[in-house]
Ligand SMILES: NC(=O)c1ccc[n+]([C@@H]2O[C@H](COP(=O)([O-])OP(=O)(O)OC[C@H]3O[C@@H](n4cnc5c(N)ncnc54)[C@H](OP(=O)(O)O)[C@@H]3O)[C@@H](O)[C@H]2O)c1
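Only one chain is included here, represented as structure tokens and corresponding to the form predicted alone.
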């Protein structure tokens, strides 16, 4: 593991929900685990005027609530790392004072000029802030051709939170803006799903076990399902969500990352460059549906009214004519040797029957069913691997066995590994290890520019005018507490398959 350098973590959007609910608790957990360099500091930047101590007082209740194993003594230590700067980061006049404050902290803490910027702001502010960082001369790495002591030169990196663009055009524009200020090796496009233990374990499951990799292809796998189901509504985020929807919010970002880990080729070595190269290749091999195919490759929906609130299109902040999907199920194929003809079904939605994030790998039945006349054999999905990512962290492998007793009778059984039970470890907030990776300069679990743009290109047919027919009749087309619209079941039924909807 590479060295964890000292740095100043500069969080733009210090007053935002993400910072208080996720980022600061995650950094506290990393501090408590000894994962932060002793000299590392945190500087929050936001427009509201307040002192360091005022911001620390605001953050403490969030850390108590969100962080694992809160320790008042550890908090006191951690709070000394936390500082605040009041300024509008999109305006040039913010930066002389900000640069001076960064210089003071660097001298006090001994961070050697290393800066890690985190964009915890609205997507529309990404490009203006990056342009101001560049104009202020805060980024010097890659712009100095020599150094008296190369080992002591500083680095400047940036973490960009999703959504990374709103569509293919805006994502490409953001990449160009970032590229003018930072080298690609200094840009960390974060997706906190890649910080989840079971997502990272996918690569180990596949490539460290010879029993899986030989059958991980079209010859033996019938199809793959990837689900991210939520029981909650859109809450107070109606205006934001109506501009986003399930495809942009979950599928293009989080679930594509999961799909890439399931489908990618084995890298020659577990290094950031090799892993990212294989993810780029698998995303690039997605067969993009034509305009005539779109309606047959997706199922879109909006939740209906229930006792708690009205239908989605009736909510305040949502246009009554809105066709933004609160549920989406999409079918993808890869145009490559490994997965030729094997469909990947991805779904995500609000107000569904259960909270669940999982991968289902459904294997094909044996070529010859010699037990076809024996009771109990040949039931539904006899060979299936289920990787439960949340809320439980488990692997489940289903296979058929003989029932004990006289005669021959078959039954499905599950072999299960429960991470919490087996390893006796509580998962930490996913942002923490990822931010520490950025401090180390490890891009393994971050997205490359080409990968991001390829993912947008793959979903655009389901978002632009080509999806108009699929969005017809979208209003209130699934009941709250169900598994989505009937069209989602039909999407798989047309292929002779069915969703895993077990409780």
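Note that the structure is predicted; figures quoted are calculated from it, not measured. Positions refer to the first chain, counted from 1.
One more form of this protein should be noted, the form predicted together with the ligand, which is absent from this view; the next part is about it.
Enquirer: Does the 4.5 Å heavy atom contact test between residue 89 and the ligand in the predicted complex come out positive?
Expert: Because a heavy atom of residue 89 falls inside 4.5 Å of the ligand in the predicted complex, the answer is yes.
Enquirer: So in the predicted complex, is the ligand close enough to residue 161 to count as touching (4.5 Å, heavy atoms)?
Expert: Because a heavy atom of residue 161 falls inside 4.5 Å of the ligand in the predicted complex, the answer is yes.
Enquirer: Considering only heavy atoms, tell me if residue 440 and the ligand come within 4.5 Å of each other in the predicted complex.
Expert: Contact check for residue 440: no, nothing within 4.5 Å of the ligand in the predicted complex.
Enquirer: Hey, in the predicted complex, is residue 495 touching the ligand, heavy atoms inside 4.5 Å?
Expert: Contact with the ligand, no.
Enquirer: May I ask you to choose, among 220, 423, 240, 212, the residue with a heavy atom within 4.5 Å of the ligand in the predicted complex?
Expert: Of the candidates 220, 423, 240, 212, 240 is the one lying within 4.5 Å of the ligand in the predicted complex.
Enquirer: Since exactly one of 278, 284, 388, 123 fits, which has a heavy atom within 4.5 Å of the ligand in the predicted complex?
Expert: After the contact test, the surviving option is 123.
Enquirer: Given that the partner is absent here, state which listed stretch (45-53, 462-470, 449-457, 26-34) has heavy atoms within 4.5 Å of the ligand in the predicted complex.
Expert: Every other range fails; the passing one is 45-53.
Enquirer: Within 427-452, which residues have a heavy atom closer than or equal to 4.5 Å from the ligand in the predicted complex?
Expert: The stretch 427-452, when checked against the ligand in the predicted complex, contributes only 431 at the 4.5 Å heavy-atom cut-off.
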